[in-house]
Every structure is written in structure tokens, then in C-alpha cells.
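Here you get one chain, nothing else, as C-alpha cells; it is the form predicted alone.
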Amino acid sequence: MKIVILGAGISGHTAAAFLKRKLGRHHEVTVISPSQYYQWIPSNIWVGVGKMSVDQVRFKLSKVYDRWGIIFKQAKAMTIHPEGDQEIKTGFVTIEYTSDGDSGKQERVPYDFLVNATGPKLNFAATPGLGPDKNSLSVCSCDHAIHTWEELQKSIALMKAGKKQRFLIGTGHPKATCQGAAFEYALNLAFEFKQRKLDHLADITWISNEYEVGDFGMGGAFIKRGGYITSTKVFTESVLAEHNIRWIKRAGITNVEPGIAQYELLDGTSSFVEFDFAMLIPAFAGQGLKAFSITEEDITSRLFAPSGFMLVDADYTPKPFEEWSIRDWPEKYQNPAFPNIYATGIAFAPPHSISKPMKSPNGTEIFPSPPRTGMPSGVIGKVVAQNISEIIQKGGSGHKHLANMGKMGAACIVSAGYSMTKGLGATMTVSPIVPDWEKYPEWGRDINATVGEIGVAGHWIKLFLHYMFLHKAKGYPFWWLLPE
């Protein structure tokens, strides 16, 4: 059997690792990724403030895949042909190489099973003027984080010279997700400035499309902290206030010009904020893959939602927010039209937002898209690998391993400053990720498993997890025993 995996991020790399471990040398596992590197994206935050080098958060995929016996092609997937053609009777993908020497070369790669783990397209273009090549910065990739650190050093130099600097951190689109990454970066900036005794010259503003800060694209949460139950709104506002960070909420940035970000508020009014340094997370979209039938008919709509994310075993029926439930969410991540195709991590299309959809009087949707990064991506990648392995080895079409985000818990550790003695980290566990108001009518989640704390121990845990997950990703001894 031939299993092809598109993408080598957290989800794709995890799927490849478990597939090869379970299937061994008798079956072929191929990974296709446009980058030669695996990168531990959560630690890009530290690259963006100069606390880690890029080589501390990434490694070359070929070294690991050569050892595991996985075929690696540094290329970008272009089209999917689930029915094959007159020459290739199974499904295949067309790819275009991005590696030096082979750049631009195209190839058709056949498969028996296909796993789409392509992650998000960083859709900077959805907001005019947004992006590292225009008027804002990013920590969404290693290259972006390096550039951001270079620009931050310029601002630090100006502050050392006595010049006040205005920092704008948050979401750069009315429906952007990954508030957590931007929140982390804002806290690390505040910590660094305080350590350098420059905090009196730093004016930091948090701007977000959240209805309340602490929503994080999951509708917020109630957490148990120090024996008391509080909301993530209060928790997040307290942390921002302690770091002297002001906030603008319910804001959708509509345009970014040099030194000025224009935004619309949920009440329909428009305003702007001036900055000297802006790190803004873009909207996410699917990679734009096309699909074709055996007769070359465009069947993209059978595989992908209009957003470009792949359709899976979810209920995409439009319905009022109050009628959504965890039963709408996928469990197998299998495409309904072609059962040998799966989508993992950010590549699958969520059935609905977790946060309540909001629209301004002008018709602008301003609310976070659902997050699917980190721990959920790893869990989904592993579950898909387990199911495919068992189908190949035992036959049938059953899926013993399921991963509904309405039943899945997740742990998140937000760095609030890098230092072994003075650093801080906010730890939070949420169970389930998608609230289940039927099972937990009071809080939407299991309040005994949804907790949050902040302190220096959180930083130690965050740093430990950085090295633990890189150990796992590099396939070092007993990697499969480590959690996702």
C-alpha cells in the first residue's frame, strides 16, 4: 500500500511517524512538504524576541525520514485526482518541487490513502497592507519570527536612545484565529522591556476580534484557579493589566498602512491606532488545492469547502448558533466523497465556529475562527494514522479510534516571559475544546478538568515541553510513548 501525506507540520509529521511505525517496511509512506524543515511553531514566540535561535526550533526532515524509511519529497501539492486516470488507476496527486536543483519540476505521485495535512495558507492578502512584506510583522513561521526579531531590535535601540515606541499586537483580520500566539508575544514583549528597564518607554496595545478578551476562538471558558471559578475574560484582563497592556476588543482590522491600522468595531464605528511596531496574526485559509475527476472535470467542491479547507465527516448543515452541538464535529476526519482521503489538523473544515458569530451593523463579521493548532492537531494526526494502519492490516472500513473535539481535552501553556528564575507561564487545560452544554449545562465544560494558573513553574513546563516535543518529532528513543 502507498500512503501519501501532504504536509509535515505537527499533524502531518505525527501521522507519518505513527503510520511508518505501525506499517513497517511492507508499506510505503511518502511525505510531501514545500519546506525542508520541521519547525516547532509554538516556540517561534521566543525566536521573535531573540531568546531562541531558529536552529533551536527546527530541523531538517530528511535526516529523520531517512532513518525511519519514509520517502520525502520537498514539493508543493498542486492537484488531487482521487479517481486516477487512464495511466494511473489509483488516486494520485500532482506536485511541484521546491528544492534547489529540482525547483519547478512536476511529478504525479500515486496513493492508496491520502492524508491532507497541509495546514493553513497565511492569508495576509485578506487584509490590505497586512504582512511582513508590507506594513506588519508575524511569528507564524520561522522566517517571519527571525524578521520580527530583527525589527524588534531596532525598536529596542530607539527606546535605549530615549524614544518611546508604540507596539500593536493581536489579530489582523476580523475573523482571524490564533489569538493565543499573539497574546503570548505581547506578554513576552512586556517582560523583555521590563527586564531591560525600558518598560516606561513601551506603549503596548492588544487588539482582537474577540467579543471579550480571553475568548481565544473557543467561546471563552470558566476555569478553576486557586480553588475559585473564574472566567478566562477576568483571567486574561488581569494578566494584561499586570503587564500594563491596554486592549481593544471586538475589533476587525480592515487596512494596515505604514504606522496606522484601521479597524471596525462590532458596533459599526470605525477608528484607527498608530504604531511603530505591529505584529498581527493573519486570517487562515486552505491551501487552494484543486481536485479533478478521471475525465478532468473539476470536482474541487466535493473535497473542499469554499474556505479551501477539506470536507470531512462533519455536519455542515447551516443552523442557528444555539442549535450547534458537539455532534456536528468530525470524529474520523474522512472525506465523505472519497473514503481513502483524510484531513488532519488545520487542513480540515470545521462545521461551525466555537465562538458565537457576530456581525456589525455594516455586515462585517467580527469573531474568531475556531482554533485547531497544537495538541488537537497532534491527536488528530495520530488517530488518523491508527485507523489507516488498522484498515490496511486487518481489512474492513471501521474506525476504532475517534477524536471529536467536543470530547477531546487540550492543554495550553502561554509563555509570559523567558527566564529560568523570573520567567512566567500561564497554564490552562480545557475539556472539552468545543463546549458540551448538554453534558455540562452550568459551565459547558468539565470544571474539574478546566483549570488555569500563572507563575514561574509555567515557564519551566513550557520550556520542558519545547524539548520534549522536539525529542518526539526527531524520533529519539521511545518517542511514541510521549503524549501528543
Partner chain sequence: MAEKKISKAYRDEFYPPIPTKMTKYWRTNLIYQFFKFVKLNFKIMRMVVKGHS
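Keep in mind the model is a prediction, meaning the values are calculated, not measured. Numbering follows the first chain given and starts at 1.
Another form exists, predicted in complex with its partner chain; not displayed. Remarks below refer to it.
Contact annotation: V430 falls within 4.5 Å of its partner chain in the predicted bound form, judged by heavy atom distances. Its partner chain in the predicted bound form comes within 4.5 Å of a heavy atom belonging to S238. Contact check for A449: a non-hydrogen atom falls within 4.5 Å of its partner chain in the predicted bound form.
Contact annotation for K422: at least one heavy atom lies within 4.5 Å of its partner chain in the predicted bound form. When you look in the predicted bound form, the only residue of L266, M375, I326, L303 with a non-hydrogen atom within 4.5 Å of its partner chain is M375.
Of the residues R246, K197, K163, K394, just one reaches its partner chain in the predicted bound form with a heavy atom at 4.5 Å or closer; this is R246.
Note that among 47-55, 60-68, 27-35, 455-463, the stretch whose heavy atoms approach its partner chain to within 4.5 Å in the predicted bound form is 455-463.
Within 4.5 Å of its partner chain in the predicted bound form, a heavy atom is found for none of K134, L152 and I156. Of the residues in 282-300, none comes within 4.5 Å of its partner chain in the predicted bound form through any heavy atom.
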